[in-house]
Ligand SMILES: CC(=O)N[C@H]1[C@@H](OP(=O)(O)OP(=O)(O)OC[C@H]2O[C@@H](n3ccc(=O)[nH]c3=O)[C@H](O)[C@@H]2O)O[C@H](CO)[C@@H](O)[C@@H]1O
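Only one chain is shown below, in structure tokens, and it's the form predicted on its own.
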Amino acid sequence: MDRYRFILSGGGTGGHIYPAIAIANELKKRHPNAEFLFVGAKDKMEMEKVPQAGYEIKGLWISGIQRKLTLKNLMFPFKLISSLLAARKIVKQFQPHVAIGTGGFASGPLLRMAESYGVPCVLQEQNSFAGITNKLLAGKAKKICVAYDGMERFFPKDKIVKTGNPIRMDLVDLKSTKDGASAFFGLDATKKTVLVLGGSLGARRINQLIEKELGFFEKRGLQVLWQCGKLYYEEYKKYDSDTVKVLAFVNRMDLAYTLGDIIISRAGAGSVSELCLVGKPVIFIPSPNVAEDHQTQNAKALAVKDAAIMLKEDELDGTFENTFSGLLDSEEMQQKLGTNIKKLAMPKATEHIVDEIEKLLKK
């Protein structure tokens, strides 16, 4: 049978959306005649990104609970009831063979309703500290695909399968040369390059750090490829020069990763998974402003294995230059971090997740 129907939900951030799209793409490759439907939260980025990837999406009136008393919190019970009713209607009409959730608020009502109609559910948790939606759904899920060890803290052990996180396939084997990558960005192939990644929107604290340390980097003979994010580009583009390239967004991450000798990055699940594949020395500066502080947990999981360095935002002013210099001056440390992070790479994650989904189709 190839007329399977798959319903997927993951949204709110790219970290939830792109894994869901990657899973759908792999399923579509294996089952070209299958039907796909995504369910997201109205007014969130999935309503734009999923159609751009070629899939239909329906929106639910749902959002998270704020940490303080707000009008949005008072509306939450009504939103939840509305979303459960809408999700029930969607599931009844579409009649999926499997439901897949990658996190985000919309996946809660959808998978809860799918499970109530006997649809087998698969969860994919990207982070080392599980999100609240996946924790609430775990009891009814058939399989829970994870990227880190120790996830039995959050989920039933017999349901966990360690698969890794879906990643962009152009990063599996970096074939570009440093000369080609340097030419693309207008930098010097003979100089060491610091690659700075703050996510598509940007990271204010990382940008402030890089602005402060540009003179330090220059003294050390380094050049900088600085992805500052679209929210901050107008503020920082004035620093663009022969040795500093300031970009709102990097369209060719394969070339950026080829060029970077030392990488400074946030610690979102997708970034961490990509950087494991790249195998370069990384300094993670996790965002403290995300749910359950999961970026800190992600970065710690690598730091304890000597696979990366983690610096907290409130430590940067006192420790960054010494920590960075220690790494720059030690080829041995660079080699160790690069080798250890590469050992954690799981390049076939998407395939392994879909293997688990296909097992449910055969039951």
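So that there is no doubt, residue numbering starts at 1 and follows the sequence shown. Owing to the predicted nature of the structure, the values given are computational and were not obtained by experimental measurement.
Separately, the form predicted together with this ligand exists; it is not shown, and the next lines address it.
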query: 4.5 Å heavy atom contact, residue 212 to this ligand in the predicted complex; finding: no
query: Heavy atom of residue 239 within 4.5 Å of this ligand in the predicted complex; finding: no
query: Non-hydrogen atom contact residue 200 with this ligand in the predicted complex at 4.5 angstroms; finding: yes
query: Proximity of residue 216 to this ligand in the predicted complex, heavy atoms at 4.5 Å; finding: no
query: In the predicted complex, segment of 105-113, 217-225, 231-239, 120-128 with a heavy atom within 4.5 Å of this ligand; finding: 120-128
query: Contact test, all of 205, 259 and 328, partner this ligand in the predicted complex, heavy atom 4.5 Å; finding: no
query: In the predicted complex, the residue from 269, 194, 80, 90 that sits within 4.5 Å of this ligand by heavy atoms; finding: 269
query: Answer option from 294, 58, 31, 44, heavy atom within 4.5 Å of this ligand in the predicted complex; finding: 294
query: Sequence-ordered list of residues in 244-266 near this ligand in the predicted complex, where near means a heavy atom within 4.5 Å; finding: 249, 250, 253, 257
